[in-house]
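Take a look at this one chain, the form predicted alone, written out in structure tokens.
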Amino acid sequence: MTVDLKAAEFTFQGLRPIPVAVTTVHGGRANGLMSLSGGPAGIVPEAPRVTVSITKYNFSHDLILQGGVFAMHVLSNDPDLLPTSLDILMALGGSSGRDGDKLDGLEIKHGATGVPILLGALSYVEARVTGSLDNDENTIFVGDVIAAERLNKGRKLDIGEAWAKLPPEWIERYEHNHHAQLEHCRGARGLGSTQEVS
């Protein structure tokens, strides 16, 4: 069976426009990353749940898996807050937590579970993991929301707005670093580094 990759890409395009900043903590180590996979995981309004998919390549993956807690933030597009939103995106999306403290320099407070809450974000939900699905290259985490707060003004920053404002040198570094993550995910799925899906 062959897959029309262009048709698949067209179908997926635009379905995940909102980048989320995910933070977590375990064993005294805090970390965070950016993801395009955050969303609601239930329909009961008085008992909200949240889901996020984290690749196993990311340091935050193991912290969430072991610690069972995370916070998911959305960023603001308000002109006064856009520089802070981009700072968060570049800090959490530009490097690995294995190489140093990605939260250093970001304004935070500690949530109910101890996870770092990004005070420059538009809003957040904090969750305890209730279930997870191992999906070879990633784990899909679902959590009960135990805290939520609107922190700042504006509407949710979408990835197109953000990408248009990011420095070209940062984008180049991100794309270079992302290649290693992509290769790791290919390997986890048994695809090999040069194999293409047809």
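Note that residue numbering follows the sequence shown and begins at 1. Model, not experiment: these values are computed from the prediction.
Form predicted in complex with a small molecule: not shown, discussed below.
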Please pick out the stretch from 144-152, 25-33, 43-51, 126-134 that is in contact with the small molecule in the model of the complex, where contact means heavy atoms within 4.5 Å. 25-33
Give a yes or no for Gly94: in the model of the complex, does one of its heavy atoms lie within 4.5 Å of a heavy atom belonging to the small molecule? yes
Applying a 4.5 Å heavy atom distance criterion, does Leu89 contact the small molecule in the model of the complex? yes
Report whether the minimum heavy atom distance between Thr11 and the small molecule in the model of the complex is within 4.5 Å. no
Should Ile159 be counted as a contact of the small molecule in the model of the complex, where contact means heavy atoms within 4.5 Å? yes
